[in-house]
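Next up: just one chain, as structure tokens, the form predicted alone.
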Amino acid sequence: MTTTGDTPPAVTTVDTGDGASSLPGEFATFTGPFVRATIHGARESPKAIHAQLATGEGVILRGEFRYVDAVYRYCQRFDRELVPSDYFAAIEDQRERRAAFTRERRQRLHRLLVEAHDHCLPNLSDAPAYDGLTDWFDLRPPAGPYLIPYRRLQRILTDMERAREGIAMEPIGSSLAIRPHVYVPTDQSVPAMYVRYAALIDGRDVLDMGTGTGVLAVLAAKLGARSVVATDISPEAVANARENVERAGLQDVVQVRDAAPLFDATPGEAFDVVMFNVPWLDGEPQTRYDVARYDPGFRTLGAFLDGCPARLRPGGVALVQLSDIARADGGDPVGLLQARAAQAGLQVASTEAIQRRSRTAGGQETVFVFELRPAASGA
């Protein structure tokens, strides 16, 4: 695979053995560098295709969508076997070795590829509706044929279906519209955890930070908040949140501010309640969608905690949602939150927690909502 353009590359060129094909740079960030890709029929043995991926090369699948999907699911099921257990034996630090293994495993799984041309998937038959496919890309694809990781295509097709149908959200009693590049809150339990804090929200002025689709802002309004200000760093999320606030008929209660990081959208303002469902994973976002999921070094979490006390009115409270899923890669976001909160003069007044299987990273996780209050005010 050769690269042209800046970093991240605009286009990479992949040797397919039947000529060369383009891989958009945003997809190359998922696959990592590899030498070549070979073309296979989707009805070939999944075990043989898995073995090909395990060599580090790419595989381009052609055929019926259901068979491509079945091959992917097989490879995903045995994804740990895509990388030899001793592949990173030279890395002495256990955490670094585990992180390197996880990264390589994900890259190899992303090397299961399909062909595309503009909005079309010419060698993939009977696929779900994909009109407007490239609207969901971070960048415009190159002219002519190009490759897309099937894992990425699967994510996009799922989000496109949700965008068409909306997402039913029981905690708010209605559905959410979904737009490209906005994180989809598919787990009902996540917003539902905030319902337990209805007594703190009722009649109060609320800030919903990192609003995304606007689900928590709408929820706060329906729980009786006097006013809600919703903010997000993503322009796509701001537009999506405004649409959902209008769908719910809550424009008189919820104000969605223009895109800005953290507290920059609310200069000099203070609130009774600040809600923030922070990114749960430590790592660099690779797409606009990923900004809602990845927080490099948990810097956003730290900056939020540092700035939060000045944005709370007397008796005010911060409700911060966080998962411990990053512990699988050796991180400790919960411990970091507790330490940084204490440094900022905040204390944990109460904690709610649920356990579930992570749909984002796999494995079991505990999801928390921490009720944080300025230490001087008590619980």
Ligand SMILES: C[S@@+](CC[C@H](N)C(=O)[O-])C[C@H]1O[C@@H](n2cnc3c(N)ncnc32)[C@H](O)[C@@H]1O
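Computed from a predicted structure; not experimentally measured. So that there is no doubt, residue numbering starts at 1 and follows the sequence shown.
Quick note: we don't show the form predicted in complex with this ligand, though the next part is all about it.
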message = With the distance limit set at 4.5 angstroms and only heavy atoms considered, check whether 163, 240 and 248 all reach this ligand in the model of the complex.
response = no
remark   = Testing 137-145, 225-233, 100-108, 85-93 against this ligand in the model of the complex with a 4.5 Å heavy atom criterion leaves exactly one stretch, namely 225-233
query = Applying a 4.5 Å heavy atom distance criterion, does residue 185 contact this ligand in the model of the complex?
reply = yes
query = Does any heavy atom of residue 244 come within 4.5 Å of a heavy atom of this ligand in the model of the complex?
reply = no
query = Is the gap between residue 276 and this ligand in the model of the complex 4.5 Å or less for some heavy atom pair?
reply = yes
inquiry  = Even though the partner isn't displayed, in the model of the complex is residue 209 close enough to this ligand, meaning a heavy atom within 4.5 Å?
reply    = yes
task = Let me know the one among 116, 200, 172, 292 whose heavy atoms come within 4.5 Å of this ligand in the model of the complex, would you?
result = 292
request  = Report the residue, out of 178, 215, 153, 308, that has at least one non-hydrogen atom within 4.5 angstroms of this ligand in the model of the complex.
outcome  = 215
message = Need the contact residues for 247-263: heavy atom within 4.5 Å of this ligand in the model of the complex, sequence order, or none if there are none.
response = 260, 261, 262
